[in-house]
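Here you'll find one protein chain in two forms, each presented separately as structure tokens under the names structure 1 and structure 2.
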Structure 1
Amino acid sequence: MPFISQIKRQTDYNLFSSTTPIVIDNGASNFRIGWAGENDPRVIFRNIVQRPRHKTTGETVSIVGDHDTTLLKYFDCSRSGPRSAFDSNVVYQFEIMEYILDFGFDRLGANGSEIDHPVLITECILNPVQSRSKMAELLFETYGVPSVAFGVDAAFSYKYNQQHGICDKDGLAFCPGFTTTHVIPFIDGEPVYKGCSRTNIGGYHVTDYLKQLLSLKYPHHMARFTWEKVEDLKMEHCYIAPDYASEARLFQKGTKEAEEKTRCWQLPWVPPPVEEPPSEEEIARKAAIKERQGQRLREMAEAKRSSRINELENQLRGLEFLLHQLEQVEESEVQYFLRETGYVSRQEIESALAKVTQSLRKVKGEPKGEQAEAEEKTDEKYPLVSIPDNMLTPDQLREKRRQMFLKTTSDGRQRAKQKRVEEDLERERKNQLDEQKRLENPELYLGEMRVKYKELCEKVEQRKRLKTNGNHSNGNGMSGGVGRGERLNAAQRERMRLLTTAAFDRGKGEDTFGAKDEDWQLYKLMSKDNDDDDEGLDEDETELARVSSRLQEIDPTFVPKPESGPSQPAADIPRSRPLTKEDFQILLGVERFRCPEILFHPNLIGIDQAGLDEMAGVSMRRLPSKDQVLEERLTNSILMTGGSCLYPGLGERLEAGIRMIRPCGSPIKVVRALDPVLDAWRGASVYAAAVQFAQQTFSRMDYYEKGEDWLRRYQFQYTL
């Protein structure tokens, strides 16, 4: 049941006389305040303070207790976490304590010039005197309280239950709280502090353990596991197993009982909208649209082509006319004529003409008969190549060199084209073979493809992992990376080698690397090595892409595995299949009883102290008088109180544990307090309402006169 805080401002403050004490139960989890003599505290809230900054005004404000998260959006809560005044169960931060007391008194309705009522406040057992004195000072100085009394909350709870007959006047009180667990023996109604024992495990540790376990098990839902939510889960689902080992075995075997015991928390999840197969008309409509678009594209292409043809024909006509004119013109006027038209010589005009005719033919779609033409032209273009060197003038030599260069380049281009054609043919042949194989034996082919795909995937991923691992180790420990030779890949090893040899090659004992310019060429070598590695990877990747595309074509059930980023091992849900409802379920199986187990075995968390059942033995051993009868009386009335004792199954487990350490046959009776959470306050309230309460308090004068030593020895007398 989730905790609901009561913080409504009370209006009847003035109805209470000055002698009515105010009772405060100052616990590490909750702060309860109310009037003496009543059955329930008036105001209850979580004992934390937040100090966020307002987003728009920028001022820092204080917010006490747990509040509605929707209202908190006005504040920037990132820099301030919730802060508590407690360190383990002792108050140490009195500024926060002051905020909390402010809030508590304010909601109780206080409105005078000072708090004019005696105050009874609870503290932990054997509170250090510093904490006690600072608390007293705070109450006296700042709030003007006339008199103050300190008491232990577990003792109040025990006395309350004793009055109601739940437990006897001799007994043990077990008090698992929020940060600590106490065991206190009571003899004749008074707590015997010598026999107390305390273990630093409480509800806080259980919640923290559960939170960490869930975060580790479901890393992609980590944002969901807030402290409050986990506490709710703990209160609802956790229980204590009567015997841990046998419960664990149940779950390990996966029996039906274990299934029933597993609780499931379904996170809100919206399934992706299912795409309905498009209906007939949809398909028809889409096809029509596609047709129309295709038609439009074709028309546009046609139009473009015809316009280009026109243009080229015009050009052709123009050039022919020009040539014609040139023939008619006389010799002397050739130069002049040519200059006007913009062409330098007749050959140029002719070559332009030839080009235009060629492109015209290409556009019109005629076969490439000009291939032969081109070849002839090449022979014509390089007339000088065939003539040997010694017969040419220097000008002609230069000309020849140019022509040779041109020839080799065009030859190279021809060869490249040839090779490409051959490769294409090769690929075609391979594809045909593939097709044949597929048609013969589809199953086998599919199997082979899948295997090949998996292998390639693994290889690529491994390469990537090595690379990033190498990079990470490089980035982190380059200075100390000498000893990790076996992990660096080839490129990095090469780099190291180059660097070390460069450093060594220079003069003995002196590092003159960099004095000469050639030294820096070293780095060019190194980066080249890195590039080589990349290229090697590309082959595998292209092969992988090809195989995966083939598989996608032929295999309807194949889903390509996306290349997961190298630095996200478990951040996303592995999306090798579409997300299902189960991905968003949080299963609480073993955790249900594993977490409260730390109350009995604190070494599961690493805290090396005794668990609950052992603490009973410790406590009894510490008692000053070793009396068998007394011990039997103690175990005969064992009271469980405190917030963390609400787990189902705690009583039986405690009884079993204590039976193990007591002699056979001794009476053991374990009872739970009437209301473990509120009983401490109720007990304190009953006390404060009694007449003799006034003698137990100490006033301001007492505090200043008698000093610290007296304060240390001050103890509340519980039997009145």
Structure 2
Amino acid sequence: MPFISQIKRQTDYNLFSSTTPIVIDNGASNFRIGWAGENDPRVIFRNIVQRPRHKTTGETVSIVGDHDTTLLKYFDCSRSGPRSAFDSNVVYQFEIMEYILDFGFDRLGANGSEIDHPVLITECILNPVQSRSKMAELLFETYGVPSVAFGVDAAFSYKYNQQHGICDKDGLAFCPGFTTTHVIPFIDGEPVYKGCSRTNIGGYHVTDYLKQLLSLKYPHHMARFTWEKVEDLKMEHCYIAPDYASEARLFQKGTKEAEEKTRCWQLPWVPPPVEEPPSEEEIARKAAIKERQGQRLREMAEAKRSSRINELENQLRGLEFLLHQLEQVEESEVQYFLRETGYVSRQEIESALAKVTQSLRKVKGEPKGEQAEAEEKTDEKYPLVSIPDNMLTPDQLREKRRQMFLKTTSDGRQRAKQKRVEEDLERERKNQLDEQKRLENPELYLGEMRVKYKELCEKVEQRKRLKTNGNHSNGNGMSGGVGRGERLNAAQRERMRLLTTAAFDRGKGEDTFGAKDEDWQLYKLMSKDNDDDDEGLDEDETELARVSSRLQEIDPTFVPKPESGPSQPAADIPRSRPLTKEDFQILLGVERFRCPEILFHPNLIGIDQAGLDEMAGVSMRRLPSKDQVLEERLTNSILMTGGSCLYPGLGERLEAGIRMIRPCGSPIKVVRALDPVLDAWRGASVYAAAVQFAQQTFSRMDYYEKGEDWLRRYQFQYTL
């Protein structure tokens, strides 16, 4: 059940007389305060304090109890988490305790700084004297309380249930609390402190364990697992398994019973919007818009083309006029004329004229034949290539080398262009033949294409494996471990041989490498791309891509294999998919009984202490008298109280565990308190309302007169 705080300020504080005690249940988890004689506490809140800073002003504020999420958005809580006044179940941070008491008395309706009512406050069993004395000092010195009484919360709960006939005067009280678990034996209605036992396991550890398991299981939703939400999930879904091992095997096998016991927590999720197909009107409207945009782009392109044609025609006329003027200039004035025009030679003017003419033909879209004729006329721009070197001056030799480089580059581009055209024609021819075969016999053609695709896939994968692991196998058809030399292909091995030969030939004497022109041919041989294997591999991959594309066109059921490289296998390629409702579901399966199991086996979280069932035997062995009849009376009245005893199945599991350590036939009766959470406060309220309560208090005058040492001998009597 979710925890619900009650922090509304009371308005009837002045209606109670000064003799009416105030009852405080100071638990490690929750703080409860109210008036003696009433059935329920007036104020309930979590026993924590938080001190965040305001995001704007930087002022530090104190927030006690449950924080309001709408209020905390104005504060920076990243540097100040919730703080408790407790170390385990003992109060030791009295500065924080003062904040909590201030808030509790204020919510109860107290107006002044002094509290003129007796106070009954609970504490843990065998509370250290220092903690008790500091609490008395805080109540007497700070709040001016007239008298104080200290009692154990589990004892008040046991006495309250004894009055209602739930348990007997002799019995055991199991109190699994927030941070610790106690077992207290009662004889004649009074707790026997020498027989008590304690384990540092409680509801806090169960919640923390559940939070860790859910965070590891669903790391993407870690921000959802707040302490309050995990606490609610624990109280709503966790249970105690009758047999932990068999229950775990049940979930391990994944039986139907395990599925029925699994609970689902659906996180907020909004399905992505489904895009509806556009209507015919929408398609027509978009087509019209696209057509208008295309028309506007065509008009802009036509205007730009006309402007470019005019510009090129003006340049062409200017160059032709310049050549015409150059023909009329005398030979002695040619250099002066060229310097005035900005050109170096007549050949440069003719080259510029040829380029402008070619650009103009290209812009006008004239056929390629005319462009080829124009290109043939431009052969004159390399006039020095065919002239022997002995007939040229040094300047002409430099110009000849430049023209040879330009001519070689131009020829290479023409050959590559011609090769691409031939490849396109060959590809088109193959596609036509494939289409003709498919039309003649579609089923036979599809089968052949599938067989060809499979063979190419195996061939490509085999060559990739050989390239990665080497060209040798271990005799079983599997690639073996080889060295780097065996992984090299033919071209790489040839380069290694050339390097080794060059180093060996010139390893002795003076290094004269580079003195001859023939030495530099070595670099050409090493950089020569004669890797036949790689060329074959490229052809296979190209054919595989073509066959795969063809199969996708003619076979709707065909799914190509994902490409995988040596660095990333196909299974490791990340694939994204849209999030679904199942991605926002938190499943609680084995965690439902695994987390509260630490109450019986604390070693699951690394705490080497006894479990609940073992603690009963420990407590009875610590009793001063070894009486078999007394032990039977104790086990015949076992009361479970405290917030952590609300798990379903706890009573049956505890009874089964105690039965295993008791003699055969021993009477064992395990009962749960009427209200395990509030019975401690209700028992203290009934006790404080009795007339004899004043005899059990420790007054302020006693505190000033006898001092703190008297608290060491203070003994509270629960039977009035």
Partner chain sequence: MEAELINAELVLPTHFSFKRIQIYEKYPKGQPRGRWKHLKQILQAENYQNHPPDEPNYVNIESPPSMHPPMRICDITGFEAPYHDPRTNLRYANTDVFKLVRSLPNEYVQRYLALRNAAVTLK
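Take the two forms, find the largest set of C-alpha atoms that superpose within 1.5 Å, and that set is the rigid core. Residue 1 is the first residue of structure 1, and the numbers go on in sequence order from there. Everything numeric in this text was worked out from a predicted model, so none of it was measured.
Panel number for the form predicted alone: Structure 2, which is the form predicted alone, differs in this respect from structure 1.
Residue 453 C-alpha shift between structures 1 and 2 of 2 Å or more, rigid core reference: Yes, shifts by 2 Å or more.
Exceeds or equals 2 Å, Cα of residue 260 between structures 1 and 2, core fit: No, the C-alpha moves less than 2 Å.
Did residue 443 shift 2 Å or more between structures 1 and 2, C-alpha, core superposed: For residue 443, whose C-alpha is compared between structures 1 and 2 after core superposition, the shift is 2 Å or more.
Following rigid core superposition, Cα shift of residue 353 between structures 1 and 2 in Å: Its alpha carbon moves by 3.5 Å.
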